[in-house]
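Only one chain is shown below, in structure tokens, and it's the form predicted on its own.
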């Protein structure tokens, strides 16, 4: 009887997000880092890198839900991110509506666009679906350059969306008489939203719809046999992923305060593919790990390109590879290396390390 209770208690702990003392200690540590880090790291460059990483992690969670959990390959993530950025420019900037409104508007538009693309997943799969979603990037490029009244065309458009949540303005944060910089406030805003969407996504994949998504990923025809409506879940996964991507794009545009069509290109979609592969397909925390590991690369390479041998930093400068081409090459190399040597990504490495110490001294 006692053994049975221990098994039941262990199973219940597994179902809880923070069911063990170590997990709860980790949660406390993450909260402390979240609250304290912006006051310790006050350099605007490093804070901006952390903010961009947070926005990237936000969008990567959406792609991982679609690709990692539902098995639907998408190369069109940049299209939805761009759409969300222009929503922030118009709804948050021109109309001056508050932060919750333009974030919700971006999510709704992203879900609607994902709903239009989703039905293709019913007829296509694998490489064919990837090619269809790849077409979205080029369709988007045409739209962003020609819908000048919305996007500003090739010249781009400023984004003046506010970052206020009630009386709290994250762009000019003032708490208890202490004034914080814009980057400090945006760090708390972005990573707070990352924590929220990660928590919601983690709970989703642990519920019946989440298990249905994984059943569709593994064997969609077998899932249909046991009563899972695969078509509905495929379209739903596209809508949810696109909504999260568009919200990430809205945050990106509002933080950067200017966007142009050049930013929503194929490289951005490849970067997100690299993030979910390096971080770990089918894991929520892997999306965050991948964003930290991969998402910061472009900013760091651009900052320290002068110190990298062979990198051409401008027209007429010496070197055999440009910063843009180096980013492309690195994303490709990371994808190949992790697919060949560590298909489960950084999350798989962490789980193995965790299992090793959990089983110690009997691990080998």
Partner chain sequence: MTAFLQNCFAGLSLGSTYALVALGFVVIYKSTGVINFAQGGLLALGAYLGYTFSNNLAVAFGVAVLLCCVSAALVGATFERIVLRRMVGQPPFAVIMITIGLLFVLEPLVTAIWGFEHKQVNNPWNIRTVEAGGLVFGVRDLWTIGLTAAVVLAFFLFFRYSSLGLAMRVTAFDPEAALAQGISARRVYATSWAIAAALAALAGILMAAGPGGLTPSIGFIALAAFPAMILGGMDSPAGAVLGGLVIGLAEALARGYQDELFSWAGDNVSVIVPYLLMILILLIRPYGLLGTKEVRRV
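Note that the structure is a prediction, hence the values are computed from the model and not measured. Positions refer to the first chain, counted from 1.
Separately, the form predicted in complex with the partner chain exists; it is not shown, and the next lines address it.
A heavy atom within 4.5 Å of the partner chain in the predicted bound form is found for exactly one of 40, 35, 29, 333: 333. This chain is displayed alone, yet in the predicted bound form one of 293, 138, 258, 285 has a heavy atom within 4.5 Å of the partner chain; that residue is 138.
Of the stretches 183 to 191, 271 to 279, 100 to 108, 168 to 176, only 271 to 279 has residues with a heavy atom within 4.5 Å of the partner chain in the predicted bound form. Contact between residue 219 and the partner chain in the predicted bound form is found at the 4.5 Å heavy atom cutoff. At the 4.5 Å threshold, heavy atoms of residue 75 reach the partner chain in the predicted bound form.
Residue contact with the partner chain in the predicted bound form: residue 206 places no heavy atom within 4.5 Å of it. Residue contact check for residue 214: none of its heavy atoms lie within 4.5 Å of the partner chain in the predicted bound form.
The three residues 120, 127 and 131 all sit with a heavy atom within 4.5 Å of the partner chain in the predicted bound form.
Along 322 to 349, these residues reach a heavy atom to within 4.5 Å of the partner chain in the predicted bound form: 325, 328, 329, 331, 332, 333, 335, 336, 339, 340, 341, 343.
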